[in-house]
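Before any questions on how it binds or moves, here is one chain, the form predicted alone, in structure tokens.
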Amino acid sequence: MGGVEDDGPPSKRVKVSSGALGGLSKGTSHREQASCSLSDLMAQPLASQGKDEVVGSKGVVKKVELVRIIAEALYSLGYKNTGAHLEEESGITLQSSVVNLFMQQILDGKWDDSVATLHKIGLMDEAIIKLASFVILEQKFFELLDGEKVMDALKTLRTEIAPLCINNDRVRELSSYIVFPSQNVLDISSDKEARLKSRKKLLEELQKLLPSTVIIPERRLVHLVEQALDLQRDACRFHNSSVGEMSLFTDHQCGKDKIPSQTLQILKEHGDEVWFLQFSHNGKYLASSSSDCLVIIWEVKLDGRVSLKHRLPGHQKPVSYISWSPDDAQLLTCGVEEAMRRWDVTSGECLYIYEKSGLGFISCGWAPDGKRIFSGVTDKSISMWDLDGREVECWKGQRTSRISDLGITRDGKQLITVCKETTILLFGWESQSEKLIEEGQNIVSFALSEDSKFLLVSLLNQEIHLWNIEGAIKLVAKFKGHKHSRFVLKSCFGGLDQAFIASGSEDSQVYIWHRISGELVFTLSGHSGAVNCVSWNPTNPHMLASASDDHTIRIWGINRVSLDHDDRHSNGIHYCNGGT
């Protein structure tokens, strides 16, 4: 989609175009006298062609519009002569003569003429005319100041800009530049080249302001192609690779091999049911917790293999929740209704144990600055702590329940908890604002998207709901198919641009849906017990991990690992050769 960029402004292109047209008309007249081929006849515009003629099988693409945006694309890519040829051969001009005149007047700094021409372009909206005039006259004002014509600039401000009654605050700001000219924010220089550059920027601003029917937006064809690729990508159920692999030559369609569906490793270090796991933000580590009261930090090697880094003992009860610090240097772990611990990832040392007399913790999470910690408490309150263990704030009341999930938005301003069996609370802890998501079934768990715009809610009725929580809260999708009736199962976003939804299931499988279409695209078999939790590597869309009641963690990928027979079992890690 790249090409040779043309830094010249549209009017500059038009000047070249018109000049080229003159030369071309003279040159082609000699060729036409010499011969007349079939291609020449086909190239002539038909008498029946009109502005409403359409092309394509759908009958929705107007030929005139198509030719104009192709011409604009040619000019913007630097193919000026080819663009001029297209205009001449098709008889369809990129811009009207009035628009060409207007654009040239802007580049020549003929401000009064350009404002007069603006009224002749055919704009129906008086507000747009006034706003465009304001922008043009503002440029005139600054250039007069730069030329030390202060009285002329003042006259322009008083008699031309102010009467438009557009943006009075800006008018007052402009008046200050007369007193303090050095504040000129447009940095307009008397240097000819710099001034032309400034006028080109003005022209670009006007192109965005004026309707596209009057002046075609810059690189419109490229934008349409990008839109088409985006739609193809979004419609592709298995798209899980970089956009750079898409081609304009064929319709985009990925194969199933882009989804991590092969068991590459089986991690067997835990001695009991594995309840929770989560990749670090940088994708270099995986942390897991179990009903064996043990937390394990795993390291993801450069070749994609996962190896044991630290065992973290200390919890007296099963560990139900883990949260990585924003910089992935520390880890929070939360036992079932007991203490919360903070660990150093590099050394495996326990840095601090957070306790609250007579109470236990059920969830934990980090503020985006990494300096504060939030926790859900068994008395249904939420606490905020500093790293030294001091409780900074406590919000009492029905703030949370026994569900061990705590979401914190990227800006750190909202805490998300399950406050009742069927209700999720979005709590603005600074503003004390509250928003609620009401579900019709018991909530089991939830997951927050990476951009904090969406919330994935797992329900006991074998449904997963996707909510848009940016602005007005809205249910946007439902995912079904997995088995869920008794246990706590956790789902996640994942894949390239988080285009997929994954979830554990009580039938020992991992379920993967395409996020936009809601279609179930994969079920992954291999575990022999309920799959409690899944985590997709945030930096590697081809790596997925699942935790199960069968005491194991499975690492799913797209490439088979080829190992010697003697190396297939090591330190509680079983390497697979693509099977289950």
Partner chain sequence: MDIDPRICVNVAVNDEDVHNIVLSYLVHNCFTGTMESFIACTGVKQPADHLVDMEKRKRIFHSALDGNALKAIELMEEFTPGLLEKNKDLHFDLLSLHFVRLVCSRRCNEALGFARTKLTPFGKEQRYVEKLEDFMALLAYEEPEKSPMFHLVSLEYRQHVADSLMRAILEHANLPSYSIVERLIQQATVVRQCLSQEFGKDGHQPFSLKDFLKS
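Residue numbers count along the first chain shown, from 1. The term rigid core refers to the maximal set of C-alpha atoms that superpose within 1.5 Å between the two forms. Bear in mind the structure is a predicted one, so any value in this text is a computation, not a measurement.
The following text describes the form predicted in complex with its partner chain, which does not appear among the structures shown.
Query raised in the report: Of 105 to 113, 272 to 280, 311 to 319, 167 to 175, which is the one stretch near its partner chain in the model of the complex, taking non-hydrogen atoms within 4.5 angstroms as near?
Result: Answer to the contact question: 167 to 175.
Report task. Only one of A162, C394, L351, L209 comes within 4.5 Å of its partner chain in the model of the complex by heavy atoms, so just point that one out. Result -> Looking at the other structure, the residue within range turns out to be A162.
Query raised in the report: Of L131, L157, L294, I437, which one comes within 4.5 Å of its partner chain in the model of the complex, counting heavy atoms only?
Result: For this set of options, the contacting one is L157.
Report task. Examine V150 and determine whether its closest non-hydrogen atom to its partner chain in the model of the complex is within 4.5 angstroms. Result -> Yes.
Query raised in the report: How about L302: is it within 4.5 Å of its partner chain in the model of the complex, going by heavy atoms?
Result: No, L302 sits far enough from its partner chain in the model of the complex that none of its heavy atoms falls within 4.5 Å.
**Report entry** Contact of V179 with its partner chain in the model of the complex (heavy atom, 4.5 Å)
**Finding:** Judged by the heavy-atom cut-off of 4.5 Å, V179 is in contact with its partner chain in the model of the complex.
Query raised in the report: Core aligned, does the CA of K256 move at least 2 Å between this form and the one not shown?
Result: It does not, since the K256 C-alpha is displaced less than 2 Å between this form and the one not shown after the core fit.
Query - S307: Cα shift of 2 Å or greater between this form and the one not shown (core-aligned) - result: Where the cores coincide, S307 shows only a C-alpha shift between this form and the one not shown that is less than 2 Å.
Query - Core-aligned CA displacement of F141 at least 2 Å between this form and the one not shown - result: After core superposition, the displacement of the F141 C-alpha between this form and the one not shown reaches the 2 Å mark, so yes.
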